[in-house]
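Only one chain is shown below, in structure tokens, and it's the form predicted on its own.
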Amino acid sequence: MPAVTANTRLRLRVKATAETIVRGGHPWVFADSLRDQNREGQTGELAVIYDRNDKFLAVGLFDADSPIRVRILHAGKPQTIDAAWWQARLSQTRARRAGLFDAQTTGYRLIHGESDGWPGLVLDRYDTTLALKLYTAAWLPRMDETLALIKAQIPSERIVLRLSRNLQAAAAKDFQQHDGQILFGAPPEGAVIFCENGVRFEADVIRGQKTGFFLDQRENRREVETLAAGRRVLNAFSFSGGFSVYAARGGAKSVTDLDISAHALESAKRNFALNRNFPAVAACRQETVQADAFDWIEKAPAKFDLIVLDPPSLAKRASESEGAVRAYERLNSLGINLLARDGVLVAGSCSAHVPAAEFFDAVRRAAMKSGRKFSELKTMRQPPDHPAGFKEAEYLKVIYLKFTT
């Protein structure tokens, strides 16, 4: 990575509250936390942060146009951020995943942003394809060095660039880079196929949501498989049908994929077809329904024995948290009304702005208001390849309830 000489180094000082937050391990310094800086900074350069006593506090990537002005790379004692430092960091990140997956799983997260020490950068593996997603422009001027580093340590057939929406215009204008760009290798011929616990899935790494698939629900999909035998399963907000394929492999009698997107449902059909080599999948009836999930569940004509409610984030910002909690309670109340006797509800949330305790309590309230007897089977959080190193990274939560009446 490019180095900054001492006499030109960008030096920042932050307010007292921000000093405490950085020392506590939080990886973000907001623009309104800056007290002063020695010069204008350029997006992508290293910014060195000093405390009020002029002692080194941290070093991070500067983003001139983001409310998150600095994303911390290292805090504590000074270190030299050079090529060897970056190589060691990637090696450490890879070591955290050693032994997590066998040959039956070729789709997982290799780098999980801030929680792995790579603020604003995500790297996912889909078999021999890598999807690199950026959430801050600070990485754009460092693309050549970052790409070389990844290629040196992680063999792949291709690397695809994915950009968050807020970066796409600047990336095209200033760096001639675009979402879905092939950074290395040849473009894939259609969707990329990968394995997860032996189940085959397609990932649209060029245009799909996130990096092409929701890898973070792997453990919950496997849990659903263990609960599905003989059950009629509703997979609401199904996207590309991951929960349904696992349920079918687990012996479900039928699966219904419910989503508002026709494109997602077509993918769900293809994913189901990819796994008909499993006798249980071949024997399972799949139905797809294109509709608004809230509306359809409220008027559904039939009962189900297992319902998965995993909607997109219902709170995009902190101010929406209270309304999201009410929406989760209503959604799960509707789902509980659709459950047959001895039915299982699997309720998920990916809203980082809704704390786990509040979400779980909302689902429990819905269950208690139903007047039905139920037991709580378990709650689950993020898988080990999606670690949560700070509060804002704690987004995924899933609760399992079984209703005996």
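Start at 1 with the first residue shown and count on from there. Note that the structure is a prediction, hence the values are computed from the model and not measured.
Separately, the form predicted in complex with S-adenosyl-L-homocysteine exists; it is not shown, and the next lines address it.
When S-adenosyl-L-homocysteine is considered in the predicted complex, residue 139 lies well away from it, no heavy atom lying within 4.5 Å. Contact check for residue 127: no non-hydrogen atom falls within 4.5 Å of S-adenosyl-L-homocysteine in the predicted complex. With a 4.5 Å cutoff on heavy atoms, residue 291 counts as touching S-adenosyl-L-homocysteine in the predicted complex. Taking non-hydrogen atoms only, residue 166 never approaches S-adenosyl-L-homocysteine to within 4.5 angstroms in the predicted complex. Checking 278, 108, 135, 237 against S-adenosyl-L-homocysteine in the predicted complex, a heavy atom within 4.5 Å turns up for just one residue: 237. Residue-level contacts in the predicted complex: of 209, 104, 91, 319, one residue has a heavy atom within 4.5 Å of S-adenosyl-L-homocysteine, and it is 209. Residue heavy atoms within 4.5 Å of S-adenosyl-L-homocysteine in the predicted complex occur in exactly one stretch of 150-158, 187-195, 320-328, 254-262, and that stretch is 254-262. Contacts with S-adenosyl-L-homocysteine in the predicted complex, taken as any heavy atom within 4.5 Å, map within 213-233 to 214, 217, 221.
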